[in-house]
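Starting off, we have a lone chain in the form predicted alone, written out as structure tokens.
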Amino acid sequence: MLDFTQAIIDGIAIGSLYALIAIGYSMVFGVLQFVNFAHGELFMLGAYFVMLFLTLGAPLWVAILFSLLSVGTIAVVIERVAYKPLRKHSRLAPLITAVAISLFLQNIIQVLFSPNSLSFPINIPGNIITFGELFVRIRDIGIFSLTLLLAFLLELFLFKTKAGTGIRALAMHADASRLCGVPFNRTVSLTFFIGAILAVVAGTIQGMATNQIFPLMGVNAGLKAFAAAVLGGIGEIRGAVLGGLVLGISESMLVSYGLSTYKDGFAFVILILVLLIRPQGILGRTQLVKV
């Protein structure tokens, strides 16, 4: 029982990072009904941009702020240049384009920096507090709290602001929201921007927690976050958070019980099972399609 509880505690931090990335997948899918497989690379870009600004001598908060703006702008440009012209095509076209964008971003970072891992300039101390026989890293508490805070603020934005209402309206019915005056292109760009800044936060935390970054760090994290989004119910913010936590805790349990070899593949086992048993995910709703 002690190992079981410890595994849950250990998995919450990594699950929180999956959740932050998964929210971006969910928001884009909710609005455009397509999976942006380049989203994991925004997570990687965020870590590299923060490292770059820190190396140039910027304070941490300035580095994070400029990285949020830079990667958010890149996400908007990708949507406008690569995805927007394909909106009227089949869903396969933007999906393949997303894979191409993902490979392009990985390669350009390898050329500009290095194909090898780089040391992140700042790390989060791994101080530990104990509760009886249980160990908890203070940074894990911070990561989990930050994830919940950002998810809460995002929900406030979606439900209490005009722009957020526009995103929800677009996710419910794109044509009807256009007739009601929701600016489609601007709202889609805003969705990509918000998803990107959450990915930057996750990438920065990952760099500071592990003290290293590498060009392919977005591949595994992105695919697992996608699995988390599907598990929770893609298109649902709370579902993305729940899915990320479930996936992170599940991985931690595999490691705890000596099955770490299967850790990476487990996310995709979950993905297949969810698609077979409950395609709409834990919190997702079944959508009726008129034919």
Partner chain sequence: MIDFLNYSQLPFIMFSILAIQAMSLQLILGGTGLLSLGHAAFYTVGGYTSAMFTVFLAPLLGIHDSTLLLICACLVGMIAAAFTGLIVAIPCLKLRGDYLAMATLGVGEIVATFFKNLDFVGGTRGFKDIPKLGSPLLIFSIMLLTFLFIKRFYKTNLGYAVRATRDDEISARSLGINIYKTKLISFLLGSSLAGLAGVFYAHTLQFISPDEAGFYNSVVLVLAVVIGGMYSVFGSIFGAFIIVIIPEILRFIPQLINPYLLIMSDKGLLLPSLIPIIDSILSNRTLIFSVLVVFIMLLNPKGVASLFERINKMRKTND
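This structure is a prediction, so every number in the text was calculated from the model and none was measured. Residue numbers count along the first chain shown, from 1.
Just so you know, the form predicted in complex with the partner chain exists too; it's not on screen, but the next bit is about it.
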property	result
P85, heavy atom within 4.5 angstroms of the partner chain in the predicted complex	yes
M51, heavy atom within 4.5 angstroms of the partner chain in the predicted complex	no
H173 within 4.5 Å of the partner chain in the predicted complex, heavy atoms	no
Q106 within 4.5 Å of the partner chain in the predicted complex, heavy atoms	yes
Which of 94-102, 145-153, 160-168, 68-76 sits within 4.5 Å of the partner chain in the predicted complex, heavy atom basis	94-102
Non-hydrogen atom within 4.5 Å of the partner chain in the predicted complex for each of G30, V62 and V188	no
Among the candidates V241, V230, M44, L247, the residue which, in the predicted complex, approaches the partner chain to within 4.5 Å (heavy atoms)	V230
Residues of stretch 218-232 in contact with the partner chain in the predicted complex (4.5 Å, non-hydrogen atom)	V219, L223, F226, V230
